[in-house]
Ligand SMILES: Cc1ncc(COP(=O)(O)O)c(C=O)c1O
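A single chain comes next, written as structure tokens; it is the form predicted alone.
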Amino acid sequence: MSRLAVTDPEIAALVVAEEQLQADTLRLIPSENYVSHAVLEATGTVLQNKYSEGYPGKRYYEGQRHIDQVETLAIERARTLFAMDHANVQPYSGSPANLAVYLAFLKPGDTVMGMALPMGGHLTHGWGVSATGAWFRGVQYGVEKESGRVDLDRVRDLALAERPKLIFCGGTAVPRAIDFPGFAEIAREVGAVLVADVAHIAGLIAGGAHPSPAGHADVVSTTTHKTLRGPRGAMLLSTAEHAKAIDRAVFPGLQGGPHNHTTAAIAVALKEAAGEDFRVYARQVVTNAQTLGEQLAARGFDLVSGGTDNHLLLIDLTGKDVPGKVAAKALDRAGIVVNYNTVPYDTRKPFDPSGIRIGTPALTSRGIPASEMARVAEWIDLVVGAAKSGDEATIEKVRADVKALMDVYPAPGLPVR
């Protein structure tokens, strides 16, 4: 930071401010986490300086002797950790990774089936405002209104009627375990390629805290941050049958040179995720989420599907008479960082929805135990009530209490202590 402060003091000051903010706040966005010092260091290396179009042993630039070893380590660690035949660690992020899957298996206009965005799915699963919905024919399944869960019989009926060539399972606001065998059976029946998008739960899978798609899904797509605690990147894993199609789709189909510094950081994160400490962390993420859900339910919060099997909770605030956006902004002022989110069958607009989405990966990385979840739930309850009544004094009081707890549990990877 000393060099940055001299060269560009404005950016340096903003980085320091963000470090302090991440240190002082209770980060409950399910897709956010803290990476280790080692992962941070890897992203800032001279690997940044090297162009490496192609794959190990088959590059279009010379001087790759070290880069090839870095990428090979990342590939082998990914294959081993997720028990898949093949891994491509070059996708720049989750959405480009999913777009590569389309390029590998579909032609424009072909049918793809995924969970509807308002039900918890992702934009890239064929939703209309995404390129995947514009260039392909997207059909969506949802969750049941009463249970908040996917009914695989209905998914099967839709698949038989629409005959998609590609089926996505997974999403961005899915609090329940994904039935990979059930989806695989449907995909086989209609002759579709099954893609498990495990971006949110990859770390839980790696840590043994969620069932694995290995042996069920033809392709596994994931980001490398979120619960996996790596850098902002992505991976595609597949059976041996689809390895060449996946690799051709990533390069030269969509991308040029990979980001070698990110690849190195992915390799570091995968090594960390293979350790016993990470398995303890993954199980604790789920325990914390379930305990927090129980505490929120006891305070009258409406949890979509009644709870969680993983790291996230989707909360419908209709019964609290507070819109999700109002609650999220009040919680932010209180140092509790969440995101406002649509809930299934939401009657409000996406930019002003009825719900909030919260998760426990980041707080678990700080070492905050399940015994503190009652306090976290109480803070959320107080702030949501204060948002409705306009009680800023309560919000300020909670902000001070949050800061005090964060001081007890310092965040990994941050210079702020």
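Quick caveat, the model's predicted, so the values are computed rather than measured. Position 1 is the first residue in the sequence shown; the rest follow in order.
Quick note: we don't show the form predicted in complex with this ligand, though the next part is all about it.
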| property | result |
| --- | --- |
| Answer option from 171, 344, 324, 293, heavy atom within 4.5 Å of this ligand in the model of the complex | 171 |
| Residue (of 175, 94, 148, 207) lying close to this ligand in the model of the complex, criterion heavy atoms within 4.5 Å | 94 |
| Contact segment among 94-102, 261-269, 240-248, 151-159, judged by heavy atoms lying within 4.5 Å of this ligand in the model of the complex | 94-102 |
| Residue 339 within 4.5 Å of this ligand in the model of the complex, heavy atoms | no |
| Heavy atom of residue 199 within 4.5 Å of this ligand in the model of the complex | yes |
| Distance check, residue 223 to this ligand in the model of the complex, heavy atom within 4.5 Å | yes |
| Residue contact check: residue 122 to this ligand in the model of the complex, 4.5 Å heavy atom | yes |
